[in-house]
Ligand SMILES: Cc1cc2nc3c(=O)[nH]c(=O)nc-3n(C[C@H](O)[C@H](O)[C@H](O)COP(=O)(O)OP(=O)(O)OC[C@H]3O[C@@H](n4cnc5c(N)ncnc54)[C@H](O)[C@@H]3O)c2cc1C
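Starting off, we have a lone chain in the form predicted on its own, written out as structure tokens.
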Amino acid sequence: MNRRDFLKQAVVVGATLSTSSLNAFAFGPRSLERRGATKKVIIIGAGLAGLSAAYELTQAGHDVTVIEARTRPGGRVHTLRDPFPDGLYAEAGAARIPNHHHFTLKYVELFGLTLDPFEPTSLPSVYHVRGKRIRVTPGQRVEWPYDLTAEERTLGINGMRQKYIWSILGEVGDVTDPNWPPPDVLRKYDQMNRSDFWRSRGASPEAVALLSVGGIDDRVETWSTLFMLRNQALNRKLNRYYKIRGGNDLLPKAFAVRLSEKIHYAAPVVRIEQSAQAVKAVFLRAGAYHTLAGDYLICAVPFTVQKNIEVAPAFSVEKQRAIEQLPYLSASKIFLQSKRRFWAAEGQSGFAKTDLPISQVWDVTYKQPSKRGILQAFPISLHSRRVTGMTEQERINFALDQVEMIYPSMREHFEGGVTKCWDEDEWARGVGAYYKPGQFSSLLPHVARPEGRIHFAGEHTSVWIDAWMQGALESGNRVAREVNSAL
């Protein structure tokens, strides 16, 4: 798909937002023009947030240095290749690019990368719920094994979403407005969790259970209704996903090539100091401490990592509270290599949603040129934490037992597996931030706010939070504008 087609779709989706946000939404971010003298900027983190900020500031003529704890760029964009044969690869981190994510599409086009569809749109997928395996063809009416009301059975899943969620999104307002949420929306939905919201809209307990399949169970994780509504408003018209041909890590690698010597790898930052005139970052490399001074500093790491960096003088009480209390979702990926893509030979998509602990199944090798394939299990929340406590072989067996129920013959064709648990990654400690009830009032105003000469980027600081590459890239562009405009 070319950019013209993407922009047509973006305009359609953008029409659901306010007129004031449509131009930026449809046509993407603008390039920076340097204001004043060249600034020396230190950026902590070479994920997409730090890389995009560094790229934009460099293009504007500023002196940028990126300090990264890992030995690679990309952060939570991480493509696995080495464990697999035949040139196969799988995304251990961010996997999907929605068709309306304009910041992501901008850089995909800028760096000459190619997009492939993420999944087939015409082949049947599988639901495995209440112990039953249900093969679902697009557009098919399904008799769900849930005790739904007569109206809910007639409505179906999308009809229930329309009634219980989408019908009130106009009330939420323009979630891309920097002043969002308005006080009345904040008061009404900030303290309410997702299940309470659905019930307040008339959803039966069985409807709540069905609508939660393949996602977060509110009995395990408590999510803010306002957080859920903001995500729904952003993605109301989303119905197509893409991925970068060759692996999503080609995007951070493209940034890194252009930034070249500006990035220092294997250099975790341990301390930040600032005064009225300057900032300093102290980092560890090859067993020795080094200090780098600059005019401004951008923290582009998750708050789960930020909380372990010493800061002098200390951040404000509000910022420290946000860093300590903002929760991060636990998520794991278990990849099962198959001798052949038997599901495709049987006319199935290789994708599934389930109420089993593995949550969802994806064919991550769709569109890859090999007869072999890889199915991914995706435990999240409590189930991910359980998986994280297992050995590698226990994780693989755990997923294999459940995938076999969804796609029989998996064991027959199974060749091996590999796993990634983001909780045990010391430079992530989770897959993405979210908000609990009440945290929009207490934390949101302070998450992205600068502290003196120190600015903040990362998906957790963006309206596109939900672990998207879009959120990281948007925040990188925002913080680049902040630093560029700083006096």
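Just so it is clear, the structure is predicted and the values come from calculations on it, not from any experiment. Sequential numbering from 1, following the sequence displayed.
Below: the form predicted in complex with the named molecule, not depicted.
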*Given that the partner is absent here, state which listed stretch (87 to 95, 395 to 403, 316 to 324, 157 to 165) has heavy atoms within 4.5 Å of the named molecule in the predicted complex.*
87 to 95
_Contact assignment for the named molecule in the predicted complex, among L356, V77, L226, V364, heavy atom within 4.5 Å_ = V77
*asked:* I need to confirm a contact call. Of A377, L297, A352, V301, which residue comes within 4.5 Å of the named molecule in the predicted complex, counting heavy atoms only?
replied: V301
*Looking in the predicted complex, any heavy atom of A49 within 4.5 Å of the named molecule?*
yes
*Quick one: is I309 in contact with the named molecule in the predicted complex, heavy atoms, 4.5 Å cut-off?*
yes
*Is M469 one of the residues lying within 4.5 Å of the named molecule in the predicted complex, judged by heavy atom distances?*
yes
*the named molecule contact in the predicted complex: V64, any heavy atom under 4.5 Å*: no
*At 4.5 angstroms, heavy atoms only, are R34, A60 and V483 all close to the named molecule in the predicted complex?*
no
*Note that the named molecule is not shown here; using its position in the predicted complex, name the residues of 253 to 290 with a heavy atom within 4.5 Å of it, in sequence order.*
A267, P268, V269
